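In structure tokens, one chain follows: the form predicted on its own.
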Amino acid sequence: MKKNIFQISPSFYDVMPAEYRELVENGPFEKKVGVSDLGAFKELSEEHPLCAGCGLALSLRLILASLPNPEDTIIVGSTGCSAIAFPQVAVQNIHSLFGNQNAIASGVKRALTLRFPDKIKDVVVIAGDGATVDIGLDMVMQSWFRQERITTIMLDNEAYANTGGQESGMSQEGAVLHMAPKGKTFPKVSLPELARASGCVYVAAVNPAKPKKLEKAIVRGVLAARELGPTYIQVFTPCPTNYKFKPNETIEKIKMRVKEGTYETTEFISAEAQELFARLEEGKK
């Protein structure tokens, strides 16, 4: 799209909402900003209706601040807590049916490639663990098998948090939830391993307690998908509401889980992705 599409016609400037004027004048479009600059520019999402202390809301804010080209990015979401926040996100986004987000994203990416063959158009899936690893796993993995050039980001709150706290495939074994009173009876699904085996050229598991690492993973994931093939990023987004901890304890809960080894931070970079990142770093010099 043309960048001047975001500019306000002088004739209408005085009647445009203050929020939109501020986004155009001080937003992240065509600017080199990131998570370290949060608070210094108009963010793509500043208010949300999610629970206090929501790890998903914090992670979504960091993800949006990390997008390399938000003005040329389309996000495809799905039913879940994140869907409640997307109406407040100032970037093109699609709400798909529960679980078919990767199928929609594949079609969108193919259409954009045909329509704009010489322009950057990033397609990023952002969905919860229910939509990604349970209901939508077939379409997620099929997009990886087909080498669709899209980035899949899973917001892993280890439950169906939007519908009452049922267990998901990403819940820890033994986890007791509202609708799993006897505890989950099988281990947490290792989706990073599945992503790697399914052909993803870049795979990472990160968390919002390390925002710079999260940012690096998002940038790498989007850039690798743009040029090489599918990428997968898993973000730990603890849910204080369904896991019954205080809203101000979210970051500490993340750090505790990482320290005790029950939530790993990992990164897999394929040989072609390694070469791409090296080339991009060289180009910055």
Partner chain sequence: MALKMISGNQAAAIAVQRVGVDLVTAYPITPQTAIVEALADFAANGELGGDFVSVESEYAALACCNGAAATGARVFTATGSHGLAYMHEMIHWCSGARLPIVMVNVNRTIGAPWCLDPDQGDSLSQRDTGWLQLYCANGQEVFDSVIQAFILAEKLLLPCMVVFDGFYISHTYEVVDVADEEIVRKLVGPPAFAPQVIPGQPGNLHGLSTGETQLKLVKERHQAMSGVPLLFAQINAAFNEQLGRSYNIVEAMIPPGAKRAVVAVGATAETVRWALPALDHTGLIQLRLFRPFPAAEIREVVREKGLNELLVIDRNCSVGMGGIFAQELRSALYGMKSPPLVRSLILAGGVDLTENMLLDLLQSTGPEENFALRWGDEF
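Only the largest set of C-alpha atoms that superpose within 1.5 Å between the two forms is called the rigid core. Residue numbers count along the first chain shown, from 1. Source: prediction; values computed, not measured.
Form predicted in complex with its partner chain: not shown, discussed below.
- Residue-level contacts in the predicted bound form: of 205, 189, 209, 90, one residue has a heavy atom within 4.5 Å of its partner chain, and it is 90.
- In the predicted bound form, residue 70 approaches its partner chain with a heavy atom inside 4.5 Å.
- Taking the partner from elsewhere, residue 107 is found to have a heavy atom lying within 4.5 Å of its partner chain in the predicted bound form.
- Looking at residue 269, you'd find every heavy atom of it more than 4.5 angstroms from its partner chain in the predicted bound form.
- Its partner chain in the predicted bound form comes within 4.5 Å of a heavy atom belonging to residue 29.
- The stretch among 164-172, 190-198, 150-158, 114-122 whose residues place heavy atoms within 4.5 Å of its partner chain in the predicted bound form is 114-122.
- With contact defined as any non-hydrogen atom lying within 4.5 angstroms of its partner chain in the predicted bound form, the contacting residues in 134-152 are 138, 139, 142, 146, 148, given in sequence order.
- Residue displacement note: residue 16 has its CA displaced by at least 2 Å between the shown form and the other one (rigid core superposed).
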